[in-house]
Every structure is written in C-alpha cells, then in structure tokens.
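Quick heads-up: it's one chain on its own, the form predicted alone, in structure tokens.
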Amino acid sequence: METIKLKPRAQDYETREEVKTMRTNLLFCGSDKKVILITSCLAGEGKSTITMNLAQSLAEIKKKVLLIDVDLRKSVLLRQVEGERPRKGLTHYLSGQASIADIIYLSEEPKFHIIFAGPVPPNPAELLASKSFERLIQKCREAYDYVLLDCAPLGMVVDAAVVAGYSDASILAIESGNISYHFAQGVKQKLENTGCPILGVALNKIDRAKSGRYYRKKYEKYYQKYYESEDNFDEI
C-alpha cells in the first residue's frame, strides 16, 4: 500500500465539537453498525467534508477506519491530497484493472486509510451493483472497525440507493437553509425504501452569525455554573 499526504484541515471549536458528537453517537449505535453510507440531497452540501472529518475523528481514538469514495460521478476527495495524486482508484478495481491492495492508500494517521474513486466510468450504478463491489465491502468489513462510504447525492442519482444494500446504516447530510422540507423528505423516503437504517441528519453550513452568539452565551453560562460548583466542592 502507498502512503498519501492529506492537506491540513482547519476546524473551529464548534465544528470539532459537532464532529465529536457525531462520532460518539455512531459509537453508541453498536458494533454491528460498521459500514456507514453518507449521502446528501444535492451536490455541494458538504457530505465529503463531513465524511472526511468523521473518519479522521474515529482514527484519533484508535479506530481502524477506511473511507471509500463511492461518488464515481463527481469526486472531490482528490482535492484533499497534497503532492502526487493516487494512481489507482475504485473504478480500476471494479473494472478488473487493480487488486484491493492496489487501491487502498495509507494516510499519515496510521489508523486512517482511503480508497479514491478513480476515473469517471460510463456506468457508475452498474459497477456499484456488481459482485466485485460486494466482495470489496465484505473484505473491508472484516479488516476495519468502520468503513465510511462517501456516496453521490441521492436527490440527483440512484447510486446511493444501490450502495445502501451493502451498508449497515446511513447518514444524510443537508445544507442548512438550502434544501426544502419536501425535497429532504423525498430523499429520506428513498433511503428508507432500501431498508438501510438512517442514523440521523448532519446539518451542515449553519449560519453561525445568527446562532453562534446564542450558543456561546448558553455554554459560557453552563460552564461558569459547573466550575463554580466544582470550586464549592473543593472547599467542602
């Protein structure tokens, strides 16, 4: 396996805490939830960023994680690579041009591995419905604590519904203020129709200028009260 270097990812305090919350919620879902599909309604909602952040967060607590870029139509994960880009990807394996070992890349975080999408194929849904993809997921399920699947938007193409058949659960990424309730409900229904449990929704791109001040005051008040009680306990 080859090693790639990922670009540094700056995160503010709120983002780090939200990712940790998502990680904790996933851990409490049980050890049978290993292969997790992440999709969205439309392109540009930040599902790939959410998937990357969650994978890195799991690796930080020593979970062995594989992120598979299953968005074979418009992958963005290659933008996260610094320096030379990987030569082999998922489509190479699915078309019989590479082995599983050829397409898994190690990151600088020892527990975090990645499979990139590879060249755009003419038949993405058909490749994802193949026995080769099924074998890949089974092999990875045995080798990793978590396998995160970054899928194409389900509100635009069917690919995520195909991948859902190999997944233990799913997460729906939604951009705050950009997706209508009825559209989101329609995508949610498509996921439910596959029989793949939905763990929850990751609300992304929240306008912190509107919400940040309220939450900062709320947490400041909470922690002030908490530490005051700790001080009182120490005096006793």
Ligand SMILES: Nc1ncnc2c1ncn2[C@@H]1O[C@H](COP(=O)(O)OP(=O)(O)O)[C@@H](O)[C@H]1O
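Keep in mind that this is a model prediction, so the values were computed, not measured. The first residue of the sequence shown is number 1, and the count goes up from there.
Omitted from view is the form predicted together with this ligand, to which the following refers.
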Review point. Should residue 98 be counted as a contact of this ligand in the model of the complex, where contact means heavy atoms within 4.5 Å?
Key: no
Review point. Could you tell me if residue 44 has a non-hydrogen atom within 4.5 Å of this ligand in the model of the complex?
Key: yes
Review point. Does the 4.5 Å heavy atom contact test between residue 73 and this ligand in the model of the complex come out positive?
Key: no
Exercise for review: May I ask you to state whether residue 204 is within 4.5 Å of this ligand in the model of the complex, using heavy atom distances?
Suggested key: yes
Exercise for review: With this ligand left out here, work out from 59 to 67, 164 to 172, 44 to 52, 185 to 193 which stretch has heavy atoms within 4.5 Å of it in the model of the complex.
Suggested key: 44 to 52
